[in-house]
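A single chain, nothing else alongside it, follows as structure tokens in the form predicted alone.
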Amino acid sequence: MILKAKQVTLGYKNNIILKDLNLIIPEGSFTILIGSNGSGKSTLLKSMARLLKPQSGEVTIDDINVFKSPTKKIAKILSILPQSPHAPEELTVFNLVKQGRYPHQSFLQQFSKHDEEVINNALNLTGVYSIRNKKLNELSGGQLQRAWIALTLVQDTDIILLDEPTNHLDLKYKIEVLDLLKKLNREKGRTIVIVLHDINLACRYADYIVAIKNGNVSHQGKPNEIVNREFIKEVFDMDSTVITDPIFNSPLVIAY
């Protein structure tokens, strides 16, 4: 499944945020979108997820326009975890995750044993099976975020989009969540696209980095090929030294 943005212009009424943007997400990649605040990363992700219709251009999956396809069809191909998602606090983890199976159900095909197996598998993968009967208001930040990720997984889509999935988490939980997503990418072959603010975590986890600047893609490629001091200056307007991380062999940015 190849996800593309073709000559996409995005904005809200007369406020244009992204102009004539072209982007191809490498299939099976762990792609991270970066850029300064307000650069349009989340806006682009919303459009790719069929939540914000382009003013011009199109978003396609295997050359099928996502905005001209039935919602249920797209929901079987692509799932999204938005920033700060909300659900009733009295909901249990299991019942939250169960909602992700709705695109696979119909009047003639209701919740089945197979659906339950898919849910339990996602709960195990995300490490929340043991707390599946807990209510959302009883969870830690890391547990809650893993539960939301489990919800996206049970949609069983080839493409998963996540907008700041580590937002409001401390460093331990950030690493935990990103490790989980990387594992899903590697072991399950899912194409994963994330909006992330931390450039060093982006370099550590990404196969492919896309930098957004001045309403368009300014740089894209493998972290080791594109991230250097000139890149940091152009994208973030900051001086820096970029060295090689001694553990992960990825670019390590020291800003000043």
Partner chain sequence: MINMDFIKLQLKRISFIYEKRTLLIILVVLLFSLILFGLSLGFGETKFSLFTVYKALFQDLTDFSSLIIRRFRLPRTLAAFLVGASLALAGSIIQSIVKNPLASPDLIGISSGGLFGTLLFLSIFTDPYANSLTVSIAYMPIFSFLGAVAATILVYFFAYKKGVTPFRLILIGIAISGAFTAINNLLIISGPLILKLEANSWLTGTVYGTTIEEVKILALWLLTFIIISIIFIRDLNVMNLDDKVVISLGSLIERKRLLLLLLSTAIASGAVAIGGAIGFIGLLAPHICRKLVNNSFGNIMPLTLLVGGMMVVTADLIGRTIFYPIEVPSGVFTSLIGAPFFMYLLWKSK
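A quick note: this is a predicted structure, and the numbers were derived from the prediction, not measured. Residue numbers count along the first chain shown, from 1.
One more form of this protein should be noted, the form predicted together with the partner chain, which is absent from this view; the next part is about it.
At a distance of at most 4.5 angstroms from the partner chain in the predicted bound form, all three residues Ile80, Glu90 and Gln110 contribute at least one non-hydrogen atom. In summary, the region of this chain contacting the partner chain in the predicted bound form, judged by heavy atoms within 4.5 Å and restricted to 65-73, 35-43, 198-206, 216-224, corresponds to 65-73. Proximity of His86 to the partner chain in the predicted bound form falls within the 4.5 Å heavy atom cutoff. Taking the partner from elsewhere, Lys182 is found to have every heavy atom lying beyond 4.5 Å of the partner chain in the predicted bound form. Heavy atoms of Arg190 never reach within 4.5 Å of the partner chain in the predicted bound form, leaving it off the interface.
Using a 4.5 Å cutoff between non-hydrogen atoms, Asn133 counts as a contact of the partner chain in the predicted bound form.
Residues of 233-251 are not found to place any heavy atom within 4.5 Å of the partner chain in the predicted bound form.
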